[in-house]
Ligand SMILES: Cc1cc2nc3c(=O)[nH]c(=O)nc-3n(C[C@H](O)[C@H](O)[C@H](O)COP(=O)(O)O)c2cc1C
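Okay, so here's just one chain, in C-alpha cells, the form predicted on its own.
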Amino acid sequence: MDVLEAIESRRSIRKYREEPVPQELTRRILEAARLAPSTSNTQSWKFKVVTDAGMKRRLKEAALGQKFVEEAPVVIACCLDLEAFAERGRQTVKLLMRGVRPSLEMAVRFVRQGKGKEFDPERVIINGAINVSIATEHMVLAATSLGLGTCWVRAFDAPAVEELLEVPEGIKVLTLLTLGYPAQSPGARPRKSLEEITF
C-alpha cells in the first residue's frame, strides 16, 4: 500500500481483535515516528509502548472510561520531550512545574509575534506539540499500510496518565495512540471539498 492509499483508507478504529501485534510491526511503526521531520531537527518526542493488561485498564480509567483504550492490544503514549529544546526547554519545564499551562491566548500571541529570538515558552510548547503530532501521524499511516488500525486519544487526565506511566520530569504526554488489528470497518467521515479549503 502506498502512502496515498494509506491516507485514503485510514479510519479511527475503536474496536480491535484480541490478536496481539507482533513486536516487529510495533518497531516498524515506531521507526516511522523516528524518521518524522521536526522544527530545527529537535526530534522532541518520546514514546512509551504499553501492552500490559493491568496498565491498559488503568489507562482506560484515566482516559474517561473509553473502553477501546483497554481493549487495544497496544497503547502508545506520545510525549513531548521539552529537554530536546535544551535551555529553552528547561525554562519551559520550570514554568510548567509552577502550574503555567499553554492556552489559546498564548497560541494567538505566538502567531502574532512572528519569529522572536527571545525566550518564549509558548513557542517551545507549540513547536514541540507540532513535532509530536507529525511523528504520531507518521505512525498512524505506517500502521494503516501494515493492516493495523489506530485511534488518536486526546480525552484523558494527563497528570494521572503521566503518574501511571512514571513519565520523567520534562516530558509531557500529549496523546495516546491505540493500535491493533481492526474489528470494525467504519466508512469515511464527511470531508470538506478541496474548493472549501483552498484559496
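Quick note: we count residues from 1 along the sequence shown, nothing fancier. Here the structure is a predicted model, which is why all the values come from computation and not from measurement.
This next part talks about the form predicted together with the named molecule, which is not shown.
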For the chain seen here without its partner, which of 149-157, 45-53, 165-173, 22-30 has a heavy atom within 4.5 Å of the named molecule in the predicted complex? 149-157
When you measure heavy atoms, are Lys15, Arg57 and Tyr181 every one within 4.5 angstroms of the named molecule in the predicted complex? no
I'd like to check something about Ser145: if you look in the predicted complex, is any of its heavy atoms closer than or equal to 4.5 Å to a heavy atom of the named molecule? no
Considering non-hydrogen atoms and a 4.5 Å limit, does the named molecule approach Thr39 in the predicted complex? no
Within 52-68, the residues that have a heavy atom no more than 4.5 Å from the named molecule in the predicted complex: Gln66, Phe68
